[in-house]
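Next up is one chain by itself, shown in structure tokens, the form predicted alone.
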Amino acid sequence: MLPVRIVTRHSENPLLTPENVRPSQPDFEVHGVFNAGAARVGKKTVLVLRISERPKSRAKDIIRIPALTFVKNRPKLSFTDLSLKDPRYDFSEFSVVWTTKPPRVIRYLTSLSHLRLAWSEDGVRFRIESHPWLFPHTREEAWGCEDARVTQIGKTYRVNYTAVSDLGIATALASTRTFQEPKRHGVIIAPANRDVTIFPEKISGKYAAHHRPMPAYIGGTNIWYASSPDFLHWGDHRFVAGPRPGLWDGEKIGGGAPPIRTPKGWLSIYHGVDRKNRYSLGALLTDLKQPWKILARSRRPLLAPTAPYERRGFVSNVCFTCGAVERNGDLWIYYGAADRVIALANAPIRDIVQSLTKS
């Protein structure tokens, strides 16, 4: 399904590539910089990048797997060497290692992700910091920290991110006022759940978020609403939206950038996946007082993977956002392309809202 023609890709795309990033360890190589949270800090734009890296290969038929282990409850970066000829494992996917015997499960991630900051005066040309801002540290983050979203409430920036380990995929939270040193608050939503987007103001006296549970047996990958008195304890869960069979988001959906307030309602950019496993971006408009109620939704995607850097990478045919900022009435959407690079697209907020159809 062709996208609506209101979103413009930036002419300098991709803005950031793995070649722009310094590895966190001397013997590591970066193979992905993508899925960045975004915020305005004064006159600057900050991106909280996901940096995916792994050790350089020491032998042609050996892959070295990085992860955290714990000695007397202290985290330690450790490595597991696997032979690519080992019949117990399926190495056909770049990012994960599957077991071959049923039931097939993911046994390892081939890389370790951390979060790193990048700063820009104009929102296009970014200076990437040379060291991690938030590196895996806890048992729940043993396989990495991924896909940050940034929401400013008052003077504090809340950064929720995906914590990955053999225990599952959870949502953790950090906070900061200056982006100098993040304060960790631990896991706020247990596995399996991700794509949490926090609202920038309270709803009916409570903090609010959309989230995406990942049921194993019954039900689909649907977006839900939840509220909290303190950011740590979440309840009042309500169904918001699910996939629409036959459309661009027919197989699964999930949150993208945190919601922004418009006169018509809360505007949320989200991702959807179709039958060909293409990840595209669209929008939801929900009620200002009851954000679990959909007022309108993208019938066609706003952005679909058609550019070369979106179609080819470590995961092909992917446009996936975690952050967007408002600039002079436009929404600047920073998105990961093919799980490898950062790109930028923008559109007038009014045009996005007008493009939506009543649900």
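The shown structure was predicted, so the numbers you read here are calculated from the model rather than taken from an experiment. Start at 1 with the first residue shown and count on from there.
Here the subject shifts to the form predicted in complex with a further copy of the same chain, a form of this protein not shown in this document.
Though a further copy of the same chain is absent from this view, in the predicted bound form it lies within 4.5 Å of a heavy atom of just one residue from Arg125, Arg88, Lys206, Arg261, which is Lys206. Residue-level contacts in the predicted bound form: of Gly246, Pro102, Gly235, Gly154, one residue has a heavy atom within 4.5 Å of a further copy of the same chain, and it is Gly235.
Although the partner is absent from this view, Asn222 contacts a further copy of the same chain in the predicted bound form, with a non-hydrogen atom inside 4.5 angstroms.
Under a 4.5 angstroms non-hydrogen atom cutoff, a further copy of the same chain in the predicted bound form has Ala216 among its neighbouring residues. By the criterion of a heavy atom within 4.5 Å, His211 is counted among the residues contacting a further copy of the same chain in the predicted bound form. In the predicted bound form, a further copy of the same chain lies farther than 4.5 Å from every heavy atom of Pro200.
For the marked spot (Asn13, Val33 and Pro55), a heavy atom within 4.5 Å of a further copy of the same chain in the predicted bound form is absent from each of the three residues. Here the chain stands alone, but in the predicted bound form its contact with a further copy of the same chain, taken as any heavy atom within 4.5 Å, falls in 235-243 among 283-291, 235-243, 112-120, 270-278. Contacts to a further copy of the same chain in the predicted bound form (heavy atom within 4.5 Å) from stretch 152-179: Val164, Ser165, Asp166, Leu167, Gly168, Ile169.
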